[in-house]
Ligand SMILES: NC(=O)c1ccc[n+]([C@@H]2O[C@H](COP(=O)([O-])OP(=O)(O)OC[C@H]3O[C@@H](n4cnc5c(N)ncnc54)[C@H](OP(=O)(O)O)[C@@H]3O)[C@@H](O)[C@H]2O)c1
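Let's start with one chain on its own, the form predicted alone, as structure tokens.
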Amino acid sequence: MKVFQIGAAGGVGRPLARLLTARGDEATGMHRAPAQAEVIRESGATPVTGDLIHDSVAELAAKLAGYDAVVFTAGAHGTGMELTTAIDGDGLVKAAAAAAEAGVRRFVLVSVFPDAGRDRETSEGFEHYMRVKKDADAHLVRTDLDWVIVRPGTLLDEPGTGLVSADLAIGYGSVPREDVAAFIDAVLHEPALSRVIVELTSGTTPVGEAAARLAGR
């Protein structure tokens, strides 16, 4: 399988590339900053220069041509509301259009758990982020792509356990980024798991088993 990653230098993108290449798949990671190229290369993916904000749909589609799937884990990561709109919102819209133009139907999006931040006072920027992410999800759902939206709980930098809770609706919790990557890897290899929104936290079910159950196996 040939997988094109948008957000490949991030905390989910790097372990995902390692998992994909370990099983013999081909991973390519798009980056804008030159320093990210080596980070992507070290994860096992092939770096390719691209700009989610400034590249046109046609330019992005040219990069995606020939791939089997797109994984979108890009985000503004608290750099301001304008960039949140441009990357998490408009960037997703552009990437989905590029995938359709390139004939890449499989599209996996990492979104956000709807209960995130509800146990504390939140900022205007955080609420903007939540609205943008929900609008991006809604946009992807309306496309004809073979999409899967993964909504992880609070992301942790600790090592993954390989055990998750994954379903259409679950209680809120946290999950290591490595386990999110492992779940995406499993989703990519479960073609029957399609056009569904999955909530994901740490749990007691092996990642592969969780994805297979959702796929109806």
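When you see a residue number, it is the position in the sequence shown, counting from 1. Keep in mind it's a predicted model, so treat the numbers as computed, not measured.
One more form of this protein exists, namely the form predicted in complex with the ligand; it is left out here, but the text below deals with it.
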The ligand contact at residue 57 in the predicted complex, heavy atom, 4.5 Å: no
is_contact(residue 170, the ligand) in the predicted complex, heavy atom dist at most 4.5 Å: no
Contact label in the predicted complex: residue 192 to the ligand, heavy atom within 4.5 Å: no
Interface membership of residue 107, the ligand in the predicted complex, 4.5 Å heavy atom rule: no
One residue of 166, 148, 69, 52 in contact with the ligand, assessed in the predicted complex (non-hydrogen atom, 4.5 angstroms): 52
Residues in 126-160 close to the ligand in the predicted complex, defined by a heavy atom within 4.5 Å, in order: 129, 133, 152, 153, 154, 155
